[in-house]
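The chain below stands alone, shown as structure tokens; this is the form predicted alone.
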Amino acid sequence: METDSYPKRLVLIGGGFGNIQLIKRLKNYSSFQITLIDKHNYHTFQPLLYQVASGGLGSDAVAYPYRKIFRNYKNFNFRLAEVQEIDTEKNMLLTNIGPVEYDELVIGTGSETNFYGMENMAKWAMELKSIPQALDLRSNILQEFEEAINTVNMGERKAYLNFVVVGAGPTGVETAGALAEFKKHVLPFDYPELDHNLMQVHLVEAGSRLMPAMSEIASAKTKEFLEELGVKVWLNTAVKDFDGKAITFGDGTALETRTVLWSAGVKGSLISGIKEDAILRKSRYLVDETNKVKGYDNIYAIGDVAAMVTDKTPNGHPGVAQVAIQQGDRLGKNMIARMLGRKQNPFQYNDLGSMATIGRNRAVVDLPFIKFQGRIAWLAWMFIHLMTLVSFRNRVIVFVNWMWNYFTYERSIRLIIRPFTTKTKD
């Protein structure tokens, strides 16, 4: 049972944007003894993972150790572990390092890829939700070029050089644009043995337009930018299957390819132990306007894994970083207010806008008061992402890499350090 005594054993699962902000809000409040549990020892800046995958950035540019972020926090502990189950009766987490007790729990496990029951796609397609996955994708891309050189069969060579991205949200669009720039600026020089025109980048979207969460203007401009880069855009095209050698579309047509990146859907990364009636469509935890999970007095969920269903948000808030950051901040303020015997305020999302980049000098930005595209949007995108990175060191690394890439047309981190082996190559 929850008590009003302090200090609280406040346990946080997952070191994403929301829990990072929550910890910052509660910095050095002795009334809370915070323990962060994560299966990695670093925070990942997910919006730039596609640049790690395409060789533009190293993994250290988008990651930062939790222990270093919170080095001067007297009320903070970190445990490298994976949570397997929540025992809500005993207020205990079952983990691979043993049980962890809590007075209050915040679930910030983010999202995972949703393959919508497509078993073959889950088996063969690549994902881009973590640094290991980004490194796997980068190695796979570079290895496909090497495989293409080693084969004399033109059909197989084309298959190795067909890259398919499924899903036209920010991840899909930005990855397709990065691959197209790789074809234009790197392939002809690093792989002169190959006809770089054989490399084809395909962006497949089941809906009628790209970037459906953004404005019609941004959607149209995104399509224009991608086609300028040579990306083949497939709209109103459902994907049926992928067997590791060819992707099959809803109308029965197929395209030979060895690399498919699936970015067409996500779902909340759930942990067993929470009652089924507190879970929305087996995907997200239902929470009230203070982010408290339905049916529990001491369990909260924030970010992608939380569904705050109201008249204004019947499906919950969008799965973007700003929602998680603002929910983490509000939850921290409410915890402090409750400790001081003050009123807690409901969460209200302040939509700051959306943006995406589609290669050099190409981006789209939708702000509440203005929409713009092109070079100015690209500069705005760069500035916002630089400022959002967790540390000054990361900002310097990313800025230097971006400037190098811009002036040299290079994506310089083209190293196959950890070779990726797919079952099709066994």
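What you see is a predicted model; the values in this text were computed from it and never measured. Note that residue numbering follows the sequence shown and begins at 1.
Not on display, but discussed next: the form predicted in complex with a small molecule.
Original post:
Do all of Gly177, Ile358 and Ala380 end up near the small molecule in the predicted complex, with near meaning a heavy atom within 4.5 Å?
Top reply: Looking in the predicted complex, the three residues Gly177, Ile358 and Ala380 all stay beyond 4.5 Å of the small molecule (heavy atoms).
Quiz prompt | the small molecule contact in the predicted complex: Asp304, any heavy atom under 4.5 Å | solution = Yes, Asp304 sits close enough to the small molecule in the predicted complex that at least one of its heavy atoms falls within 4.5 Å.
- Message: Contact with the small molecule in the predicted complex for Ile34, defined as at least one heavy atom pair within 4.5 Å: yes or no?
- Response: Flag for Ile34 set to no.
In the predicted complex, does Ile86 come within 4.5 Å of the small molecule, counting heavy atoms only? Ile86: no, not in contact with the small molecule in the predicted complex.
| Would Asp38 count as touching the small molecule in the predicted complex under a 4.5 Å heavy atom rule? | Yes, Asp38 is a contact residue.
Margin query: Just to be sure I understand the contacts: of Ala254, Ala81, Ile336, Ile149, which is the one whose heavy atoms reach within 4.5 angstroms of the small molecule in the predicted complex?
Written below: When the small molecule is considered in the predicted complex, the option within 4.5 Å is Ala81.
Listed residue that, although the small molecule is not shown, lies within 4.5 Å of it in the predicted complex (heavy atoms), from Leu331, Ala324, Ala168, Val287 = Filtering the options by heavy-atom distance leaves Ala324.
Choose from 25 to 33, 393 to 401, 363 to 371, 38 to 46 the stretch whose residues reach within 4.5 Å of the small molecule in the predicted complex, heavy atoms counted.
Within 4.5 Å of the partner lies stretch 38 to 46.
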